[in-house]
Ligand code: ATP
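Read the single chain below, which is given as structure tokens and is the form predicted alone.
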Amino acid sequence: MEARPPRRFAETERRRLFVALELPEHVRDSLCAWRSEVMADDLRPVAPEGLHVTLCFLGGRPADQVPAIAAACETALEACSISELGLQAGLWLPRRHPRVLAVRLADPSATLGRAQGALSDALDRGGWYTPEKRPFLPHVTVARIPARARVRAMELPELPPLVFRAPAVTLYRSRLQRTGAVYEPLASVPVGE
């Protein structure tokens, strides 16, 4: 019997990537304070530094594609400037069997929606992203519900009236750990006016 050569593993490491809108510190603080009114034993809070608005989740991509993805993000956002956003309402996602507690953002000028559309198109053209079929819902996940837990979607308190400008859109690497995901920024594009 002839010996087979050893199987070769992928030549390049894969990175779990997503593109997100950064939130100013005072907005993250406000979200954490609101969340504390709702917290229950079955909810696992997202760390304050992990609060963001996911624009495009790319999943596992080869590490050598990161520079091209970052360049595509920068090009897509060159003509975009994101106007004032606001905290709109708390929500359970999905509604019937919630897996996360989130806060919907108000985007009155639709500039965040347009920026997300530009990113989605650019990353799709590059072959790194498959656009979602459902419409974009600008939101921040503030807590997660563990897989085996069941949470009854209770009525949520009102959010403080807070209007803000986001500083940047960032390409992140997500590292899954037992205690939750850790996000490593790889490249950022300023988006303020």
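Please read these numbers as outputs of a predicted model, since none were measured by experiment. From 1 onward, residues are counted along the sequence shown.
One more form of this protein exists, namely the form predicted together with this ligand; it is left out here, but the text below deals with it.
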This ligand in the predicted bound form has a heavy atom of only one listed residue within 4.5 Å, and of 61, 144, 35, 28 that residue is 144
Do all of 81, 83 and 164 end up near this ligand in the predicted bound form, with near meaning a heavy atom within 4.5 Å? no
Out of 51-59, 148-156, 66-74, 120-128, where are the residues with a heavy atom within 4.5 Å of this ligand in the predicted bound form? 51-59
Contact of residue 14 with this ligand in the predicted bound form (heavy atom, 4.5 Å): no
Decide whether residue 170 counts as a contact residue for this ligand in the predicted bound form under a heavy atom distance cut-off of 4.5 Å. no
Proximity of residue 132 to this ligand in the predicted bound form, heavy atoms at 4.5 Å: yes
Residues in 169-186 close to this ligand in the predicted bound form, defined by a heavy atom within 4.5 Å, in order: 174, 176, 181, 183
